[in-house]
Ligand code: DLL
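One chain follows as structure tokens, the form predicted on its own.
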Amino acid sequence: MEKRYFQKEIETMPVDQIKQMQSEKLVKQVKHVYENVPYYRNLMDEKGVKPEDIHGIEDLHKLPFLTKADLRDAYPYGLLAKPLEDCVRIQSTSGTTGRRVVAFYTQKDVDLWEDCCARAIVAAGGSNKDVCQVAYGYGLFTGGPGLNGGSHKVGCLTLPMSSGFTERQIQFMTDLSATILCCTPSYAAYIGESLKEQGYKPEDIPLKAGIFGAEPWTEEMRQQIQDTLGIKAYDIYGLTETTGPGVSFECEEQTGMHINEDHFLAEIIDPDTGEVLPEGSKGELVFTSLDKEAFPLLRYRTRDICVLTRKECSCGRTFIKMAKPMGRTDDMLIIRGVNVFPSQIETVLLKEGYQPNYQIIVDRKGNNDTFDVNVEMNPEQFTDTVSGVTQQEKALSNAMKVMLGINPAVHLVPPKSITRSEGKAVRVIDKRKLV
């Protein structure tokens, strides 16, 4: 099978040249950020480091980290490195306390992001002869716009379906012979189950490949999707904070995701000490955006736990690989592709007049996440009428949807009925087997 690349010269560049390029870009980026982002300049000054102290990637460890808390504190414009008139796009995701993470893009930023997504599509076998069905959400969510732009760069006929409306997804997929599907893995599984219910066999489905990300998924789930849809299922990784999907992507080996190292510099650190760990160590993934203009983050702590390796890959790409994330160092849950924090639930409960006595229960039925929230009623709120409880549950569920972007199934329970351990309730029960 012929090896195909979107930008072969870059994707197969010798490692020493990659590192040299990263060093040159890092020096320029640190200067750009120091001169244009007062928030980060203050962090550097507090640590006693100046741009002239950074001569290459060997000095990266001297720079301070950025965290989700910094993004919250600097919201909305505090980390912007370009004038607003130079920006052409924002994308957004939810933050830990209801504040959203807002990322800004110049036209160059958008072009580079779309190149990264185009690399992922070509690595999955895509070309201008393919029909690419993008069933990630559009709007502020990065999934749809990223893969949509990448598909255009490759020259695919692009179906900008967005998520949901499964009957219409299937109609377009079959009528227009879509060959590549881009969506969350759980939605891919649901589409597969729906096709099976309608009597389709894998050989009847025109798809040949799928690019799935935005939520955790297991190898068992990958195999099930591949068997049901008759495709190869490829992983893709990204964060709104750095750009969106396309930070890294799987090739035909399906043994980890190649990081686009010409744009993103990856480190693995000890999550407790911040010490940089050697290649092959398990730790927290940290990214530096090497050439993003409008919203360049230096040493951003993703909270994802994984491993990096430069083991030679049969696909010919020389970019370092990251393993599928093995968990997180914080309490964030990814449910149906959406970031959910317990603190967001607490914010809603307090605003609606409840005490923050609750329990989040996440499970996976078939290949779809279930999301339940048990909430203790205050004694004065307690009612034993079914209609009264149902009305309160619906109102609370709607309030949580406004905060989270997805609807949990809210269950009001009697006061003090949630089991406490050592005086504290167990806030999260995640029954999914994701690792």
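Just count from 1 along the sequence shown to find any residue number. Computed from a prediction, not measured in an experiment: that's the story for all the values here. Heads up, when I say rigid core I mean the largest set of C-alphas that superpose within 1.5 Å between the two forms.
From this point on, the text means the form predicted in complex with the ligand, which you will not see here.
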{"property": "Candidate from Asp130, Asp304, Asp115, Glu261 lying within 4.5 Å of the ligand in the predicted bound form - any heavy atom", "result": "Asp304"}
{"property": "Contact residue in the predicted bound form, chosen from Gln169, Ser151, Thr142, Thr288 - any heavy atom within 4.5 Å of the ligand", "result": "Thr142"}
{"property": "Within 4.5 Å of the ligand in the predicted bound form, all of Pro216, Tyr237 and Glu241 (non-hydrogen atom)", "result": "yes"}
{"property": "Region of this chain that lies against the ligand in the predicted bound form, out of 355 to 363, 267 to 275, 229 to 237, 159 to 167 [heavy atom, 4.5 Å]", "result": "229 to 237"}
{"property": "4.5 Å heavy atom contact, Gly125 and the ligand in the predicted bound form", "result": "no"}
{"property": "Contact of Tyr187 with the ligand in the predicted bound form (heavy atom, 4.5 Å)", "result": "no"}
{"property": "Partner proximity in the predicted bound form: Lys282 to the ligand, non-hydrogen atom cutoff 4.5 Å", "result": "no"}
{"property": "Ala103, heavy atom within 4.5 angstroms of the ligand in the predicted bound form", "result": "no"}
{"property": "Neighbours of the ligand in the predicted bound form among 253 to 277 [non-hydrogen atom within 4.5 angstroms]", "result": "Met257"}
{"property": "Flag for Ser343, CA shift 2 Å or larger between this form and the one not shown after aligning core", "result": "yes"}
{"property": "Cα-Cα shift for Asp331 and Ser186, closer or farther in the predicted bound form, minimum 3 Å", "result": "closer"}
{"property": "Change in CA distance between Tyr187 and Ser343 in the predicted bound form, which is 3 Å or more, as closer or farther", "result": "closer"}
